[in-house]
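First comes one chain, alone, set out as structure tokens in the form predicted on its own.
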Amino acid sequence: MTNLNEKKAELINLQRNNSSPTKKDLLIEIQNELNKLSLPHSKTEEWRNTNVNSILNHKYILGKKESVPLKYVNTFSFNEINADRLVLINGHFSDEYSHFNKTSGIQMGSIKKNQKSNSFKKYYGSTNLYKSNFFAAYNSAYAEDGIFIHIPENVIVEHPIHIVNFIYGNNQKTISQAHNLIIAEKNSHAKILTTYHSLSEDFTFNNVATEIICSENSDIEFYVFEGEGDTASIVNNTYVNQLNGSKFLSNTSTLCGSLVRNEIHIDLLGEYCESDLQGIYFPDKEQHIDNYVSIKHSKPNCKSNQLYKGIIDNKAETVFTGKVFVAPDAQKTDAAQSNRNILLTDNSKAHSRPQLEIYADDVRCSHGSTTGQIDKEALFYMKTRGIPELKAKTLLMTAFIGDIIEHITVKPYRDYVNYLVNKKLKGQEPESLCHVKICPACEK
């Protein structure tokens, strides 16, 4: 059994010499918060179905600045689109592999190199992300670098911005931490992809934090792809502040991971905001995937939607917690949440906890959850029409998650996810897309 106090001290001591971009007065506040927070355990309500011992039972080294072969970067970069590309390797920004257009006043690049900008000083830490859990505070205190994106007023970014995250331990157990800050000013619009890939055969831990500011009437689409494999774990904390009339779409595709915890918090701070949060996940073997989603309706006339679907195989386990909080002043709130799961074996498990906390009386809120096996009647019907059982199952599972994939508006990325998902549902390996022979995501 892991001693949580000893492990907490070990993790903090590991990072003592890191030069965080956090300004000094805020850093002191974050470190004080970190001292008060404990590592999650079985009695931590928000983590009660997720045991983090699989992360903690390793002795890590800090991720170093590394260089990886260019072909690996290109493999995961969707070269067919004219995307701005920002590359992080072990949480360190790579000038060598990053390229982006410096037009329309858009600022992009290393968060460390942009820490003197006015927008950084104004917004970094403004979401209070560090107060939520140990891993968010740990990242906020000690992340050495990350991605900074500032989109000025009235700017529509024509091409997607792609953040490519590699973790490479070079045969050592490695921890990586990146802290990202994305600011969309008034009337701006952008599509941002952030993808996570492991190039390590040994165990790695990626602890990520992202703050997103959606100013008045801005529109942000935020896509996340996680495919780091059986020997990699990731805790991914995302916090979003939305102001009047802003729109935020999040779409997360998790194909694999030893332990994956995606935590996303939305605070609707203005009227007429819209949030649409979607996710699909496909764990197998003994993988564990946890999606924790929280939306706070602080103002009236806002709309939110949560839709997460999973297909769970072998002895894998998933957790979904969806929370909607409606403040007393948040009249005319329209909030919906749904979690649906298919269990492919008797040993697979899905925990689902949709929750509503409502203090206003003029609202429309709904929640629901279903977990079961493939529809036997539909399967029988397809077999009677001459469709082989394996193909029929694949068609039913593809239809089950198809509506979420279709919401991806970046076509090359949608095609990429579609291809990998179809290969996974058919039990095949996506070898023609991935030439990284040591990539754990491709191992059977």
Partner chain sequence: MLKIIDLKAEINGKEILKGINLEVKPGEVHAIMGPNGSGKSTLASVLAGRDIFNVTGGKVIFKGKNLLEMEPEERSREGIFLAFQYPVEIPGVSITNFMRAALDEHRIHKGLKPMDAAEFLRYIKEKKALVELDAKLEGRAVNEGFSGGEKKKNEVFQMAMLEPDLAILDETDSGLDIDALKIVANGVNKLKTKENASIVITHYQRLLDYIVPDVVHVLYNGKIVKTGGKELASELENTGYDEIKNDADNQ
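Residue numbers count along the first chain shown, from 1. Just so you know, these numbers come straight off a predicted model, no measurement behind them.
From this point on, the text means the form predicted together with its partner chain, which you will not see here.
- Highlighted residues 358, 363 and 368: none comes within 4.5 Å of its partner chain in the model of the complex, counting any heavy atom.
- A residue is said to contact a partner when one of its heavy atoms sits within 4.5 Å of a partner heavy atom; residue 65 fails this definition for its partner chain in the model of the complex, lying far away.
- Of the heavy atoms in residue 42, none are within 4.5 Å of its partner chain in the model of the complex.
- Within this chain, residue 61 is remote from the site of its partner chain in the model of the complex, having no heavy atom within 4.5 Å.
- Put simply, residue 383 is close to its partner chain in the model of the complex: some heavy atom of it is within 4.5 Å.
- Segments offered: 30-38, 393-401, 407-415, 65-73. Contacting its partner chain in the model of the complex at heavy atom distances within 4.5 Å is 393-401.
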